[in-house]
Each structure stands twice: as C-alpha cells, then as structure tokens.
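The chain below stands alone and is given as structure tokens, in the form predicted on its own.
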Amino acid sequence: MGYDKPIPEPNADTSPFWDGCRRHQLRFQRCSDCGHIRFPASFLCPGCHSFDSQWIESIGRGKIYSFAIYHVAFDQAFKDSLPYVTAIVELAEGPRLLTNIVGCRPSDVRCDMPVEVVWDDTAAKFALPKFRPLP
C-alpha cells in the first residue's frame, strides 16, 4: 500500500533540504557573511540581507519548544494515527522545525523535552524528519 498522507512539494529554495532528508541528513542554510542559521530556506539572509549561504548538516538534536496533541484528524489520511503529536522542535543549531513526535505516548510529551531526529521513509521515496525523546 502506498503512502496516503500529504507530503511536501519541494521548490528551488527547499529542494536541498528535502534532498538531504532523503539521505537522512537534516540540513539548514547558514549565512556565509553573518553565520545566521535559517529555516525555512531562502535566497536572502534575514539577519544581514546577504545572498551568500551554504548548507550545513544538523546534529539532529534539540528540545520541544511547543506542541499539540491531535485527537481529531484534520485530514482523513491521519485518522488511523490518532492521537498524534505535532510539535515545534528547537534544534541545537537554533532553527525551529514543525514536525511530529514519535516513540512515546502523547501524554508523556513535555516542553523542553530533549529529542533526536528519526526518519519516516515514505513509499513515495521521501523521508520526513520526525523526532523521538532522547533516552
């Protein structure tokens, strides 16, 4: 059976991020001039307005900044996953990423909980970064 949930649609700015995810690398842009690490990707640094940037690999660890537990699916494709946790994870490098928390009961999720990236390889040859609590 194929993957029936929505998947992102990469564009010119986000393709390097999603290509990294396919290889199980969580990647972000870093400004070559001021060092600001940004997500989402863009052609311009929001800090110094430089056009120069490079892609760096994250260590894939951070902490939960905020979260919500879904008991009603916003899309029928998610009904079999209920309840599930959607969270904003603040990564060690600074960016915040909207993702899912897996590998624990939703009721155990807490703000500031340390987490690490895990990969959900979809049937669509797409890898989605999700996070689980650190042991």
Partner chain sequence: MPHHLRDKYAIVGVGYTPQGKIDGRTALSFHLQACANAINDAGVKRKDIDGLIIYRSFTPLLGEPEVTPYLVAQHLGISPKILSQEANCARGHLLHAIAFLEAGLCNYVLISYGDNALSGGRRFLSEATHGESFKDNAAFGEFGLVSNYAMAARRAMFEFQTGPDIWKEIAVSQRKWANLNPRAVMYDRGLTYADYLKAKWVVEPFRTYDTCLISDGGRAFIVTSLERAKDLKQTPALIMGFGSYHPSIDIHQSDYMAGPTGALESGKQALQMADITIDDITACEIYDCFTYTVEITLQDYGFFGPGEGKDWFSDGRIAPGGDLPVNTSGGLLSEAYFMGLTPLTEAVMQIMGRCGERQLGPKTATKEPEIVLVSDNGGVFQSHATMILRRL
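What you see is a predicted model, and the numbers here were worked out from it, not measured in a lab. Numbering follows the first chain given and starts at 1.
One more form of this protein exists, namely the form predicted together with its partner chain; it is left out here, but the text below deals with it.
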Of the residues D52, D75, D80, D108, which one places a heavy atom within 4.5 Å of its partner chain in the predicted bound form? D75
Heavy atom of N100 within 4.5 Å of its partner chain in the predicted bound form: yes
Does its partner chain come within 4.5 Å of any heavy atom of I88 in the predicted bound form? yes
Would P135 count as touching its partner chain in the predicted bound form under a 4.5 Å heavy atom rule? no
Any of the heavy atoms of R96 lying within 4.5 Å of its partner chain in the predicted bound form? yes
Counting only non-hydrogen atoms and a 4.5 Å cut-off, give the residues of 15 to 53 close to its partner chain in the predicted bound form. W18, F39, P40
